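Shown next as structure tokens: one chain only, the form predicted alone.
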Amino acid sequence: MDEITFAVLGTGGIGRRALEVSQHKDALTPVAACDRHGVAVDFDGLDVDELLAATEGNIDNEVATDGGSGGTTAAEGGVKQHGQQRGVVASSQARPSADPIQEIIDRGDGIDAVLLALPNYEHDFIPRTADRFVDGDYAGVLVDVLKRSRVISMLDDRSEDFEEAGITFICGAGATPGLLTGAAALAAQSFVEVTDVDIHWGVGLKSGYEDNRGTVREDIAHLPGYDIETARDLSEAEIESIIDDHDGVIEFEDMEHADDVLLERAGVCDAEDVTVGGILDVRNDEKPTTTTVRVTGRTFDGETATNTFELGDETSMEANVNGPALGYLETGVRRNRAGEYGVFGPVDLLPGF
């Protein structure tokens, strides 16, 4: 396969790890990265080691979709501000920008794929960002790692626009949804009817809470009494207080994760038959529980059984999110080069149910 150039929007925990993991993928060349304040572009390939070293402890993982410093601030909750320069502009490869996303779009002819590693603090945040790529005549691949079920329909509503633009959009391409959604779809192949899909994940933050503030904030939105709007407006002190109240280990039940909608749109089962929950330990490296997918169904000969898929406890969140995201990105480029445009979920790239 020919070389694939890609850009990363957002240099928080997910964006940084995507750049790091890409160095272990022979076909991938990261050529651009941006956050809310700056952009780095080098079509010969970014110096990933320098970029990561320069931004360590100085991360701005927000990108405004309105072209400036506006948009979602999350009470500055996703930003670590140490030193005079914030975020990617601390790198010698980068420079400040009033509209970093537009700079990526303007250079789209040299970028095969774009990973949207953005905090989804508004339900239409990712779709609005995708609109900008359509309006900017970008033709290529867009990949996101979003978690919210209701966002899928917003992207599906744009499918015709993506097709006309020559965009292949892969939604929910991280761990869950993404890797685990695909695992559920493969496990479902044994059955003629799937009655229940249970996804239960365990995450220990090996890269540290400091590197994953946006992810933790998004997860808190799933706790009883919170939603995406209230979580967005929490101060850092309030986030820390919630973590302290749970002794650093937060358990989630019946989350609004896009696995349900993605499995339903692929014909595997009804969305209401999918449950997602998990345990997040923000203070320890080890996973508090084994990440498991259980698919229960009826076989052609009338038997009822449960197929189970487990992730190794030694695999980190970064490995399970960014490995699949970049794998789906590569697959998306293959589809795009073959002239397949529109919206695809992780299951659409696997054997059909």
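A residue's number is simply how far along the shown sequence it sits, counting from 1. Nothing here was measured: the structure is a model prediction, and the numbers come from that model.
There is another form of the same protein, the form predicted in complex with another copy of the chain; it is not shown, and what comes next is about it.
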Tell me which of 189-197, 246-254, 219-227, 103-111 has residues with heavy atoms within 4.5 angstroms of another copy of the chain in the model of the complex? 189-197
E310 versus another copy of the chain, in the model of the complex: is there a non-hydrogen atom within 4.5 Å? yes
Taking another copy of the chain as it sits in the model of the complex, is P288 in contact with it (heavy atom to heavy atom, 4.5 Å or less)? no
Quick check on A53: any heavy atom within 4.5 Å of another copy of the chain in the model of the complex? no
L116: touches another copy of the chain in the model of the complex, heavy atom cutoff 4.5 angstroms: no
At 4.5 Å by heavy atoms, is each residue in K25, A319 and L349 next to another copy of the chain in the model of the complex? yes
Does any residue in 286-307 get within 4.5 Å of another copy of the chain in the model of the complex, counting heavy atoms only, and if so which ones? T299, F300, D301, E303, T304, A305, T306, N307
